[in-house]
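Same chain, two versions here, written out as structure tokens and called structure 1 and structure 2.
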Structure 1
């Protein structure tokens, strides 16, 4: 008898279970939940049906008569990386749960499977495949990212962006934690993704974790995992945390200052030992994840006002990168605007091809406090309310229509003149002297704070300490 129950409008789940009665039971429960099933009783049949139907979600028993379920899972993920695989097993071992998660399992269920738990696990997995993200505060990248997208990640030709891209390439080769700073909307996450995609971890997951979006009491479980002890009656599942999901990949931590003290202590422990202890108190599990943090303000302030542990700050603030605001990127704003305009017009079913010269001038002169996010809003407004093919100044918000001839434009001119004068003043000095002058001035501006000066200059604090030692030795 075939237990396959093809879906009508609901997605079909591939159910891999060798015990016929359990296959029948799970299939019945899933049907009640509105899901069709395609059933397989061994690894070979599972792979054959997977290749044939390409299901988005698979329920996979780990112990199969002909092969190990882990091998089947790896083959499925190699064929279709975005598949959500829910592992089911009668072994509630933490080691197995961690191994399965590392191998790419989305969830881990321990028999006996309660109806609600089974349906909710499948519903979550199906929802994620539709959204393309794990949930509101943790998201994974699809691993088959086209390589061309990496280079196109930061369109623009400005010097500041060229320097940033150069730094990103260098940082990608390292394992050291990176700390990305920049105003809201500048593309800090894009910067982190680019580092990940250029690194040798690109085949692994890019997992984001926004501390501000997760309640403090849930951060520990969401970041490090949760689960009951297998010895505990009624134990049914072990959920991997964001850190474990980023094994052999990258964990992108946003708004570290909103991380609870308990989670900060645990993160520090992970950074020191490279291992995490799961909630059931089992042996620590090694996790190989690179950490990249981001903030839109100075983390030193968080450290000073007690929101961020000092020892954690020094562990994470190893390689600083600053994503420049849009107003500092010169003509990049118009290059980006043209790229975005075509995309937005396509989404809105309109035909736009470019910017009028006056619009480009207004864009160049604007302050863009909301950066690229604000630029997107301005373009979308123009596209939605008007017909193309060119964005004219009349399509822009009133304050922006004035910007082309406004005070911002004058300020930009004055700034350019000041830069020319400074360059003249530095004439005759060696690079080493200019460097010492710039660093000393920055330290003075920050009341003697080396980390803050380093951040302003976009270099590591250790660089300043080393240089100061050289200067002192030279003076002696």
Structure 2
């Protein structure tokens, strides 16, 4: 099917690869997977075709004959920030790929590329462009509810999610800044959207700004807005920044540690005064926006390492929330999987209705380091390559099939015995002794950090300090 055909249902893929044989190989794999391709052999040609076709997804080899692939990626993201760029690197250059990911790449692939991994990465990127879950600063949403695959992140019946949803409802009624933590792919953006939609700001915009996806020199203009130079006659033009677009709504800031020092200082000034000053000399603009931040690690580390201003940290880290990893949510994984499966099958024109019991058991035992995003990849792989109607173990990635018969299954089998042993160990201990045991262990796990231990245990640090004082004095 031609790329220009109105019947095309997938975005065009721009493939940037200077080795002719590999370019032909990747194009063939993509074509068999149902994707049309536009090919470029060097950086200059890539930028020309990118400007002409504005593809939603780009496969970009970082080693190009005429320029650095990182430069090409940054120029593409500056022109169209919502683009999903999948960088390709040679084996042994993974550090460069990780750097590219921090600079805004959606994913990275290491040569030699496997057909399944290539199609899976592209399918995931294409799915996100369809769903409108852009991570860039252009992404803003006025829909009544989040939709698509990420919308399946919160269904479930686990106790940890019930507690989180209870906190979300309480936080939504406040104007205080919230800081959401959790591993990559757990649904931190959905958590922020849910807070927004439950608040009295639901009629306003939900605007996202990913600091890692915006070059440092552009962050000021894209976050706070831009105006004509005051030296320019009749200067009145003002380009609204993400913060201004979030007026009477919510601004969702991701990866705050990658915000430039200048932008951090300006954000702090906004939090103090509720107004932003444009570079065209105009009067400060009053903005009423709630700030919600997210990170996949403890922001205390960023503050200690000098990546995050201490005064800004204390302004934004007011209400901490933690989205639990998928492996901590029990059988929620299968509830989510069934919801996702129907959505993905509908997108791919396939008929899938559920999971085989063995598949559900494998999902329950899996560690899911990539969380919801990894689950989406596994299900999409099964749907694209098979016809259904049930996802069987044979449709899963080989490593997941092996895990189903390996140590993980044995560990899952022994879980009940471990729980019984724990109950026996705690038998005869008072509640105070059990508390001391749990708190001391948590502090040890976090290398003596009481604030981190408190967040893990979902209690205030002052509670730990008070209890430790009681233990030290021997009081009851």
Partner chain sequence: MTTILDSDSLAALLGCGDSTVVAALLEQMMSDFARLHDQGVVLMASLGAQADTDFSALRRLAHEAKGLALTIGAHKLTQICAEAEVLAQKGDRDALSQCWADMIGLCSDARVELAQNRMRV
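Positions refer to the first chain, counted from 1. Here the rigid core means the biggest group of C-alpha atoms that line up within 1.5 Å when the two forms are laid on top of each other. Please read all numbers here as calculations on a predicted model, not as lab measurements.
Shown first, as structure 1, is the form predicted in complex with its partner chain.
Once the rigid core is used as the reference frame, the Cα position of residue 74 differs between the two structures by 2 Å or more. Relative to the superposed core, residue 322 undergoes a Cα shift smaller than 2 Å between the two structures. In the core-superposed comparison between the two structures, residue 83 has its Cα shifted by at least 2 Å. A C-alpha shift of 2.7 Å is found for residue 455 between the two structures, based on superposition of the rigid core.
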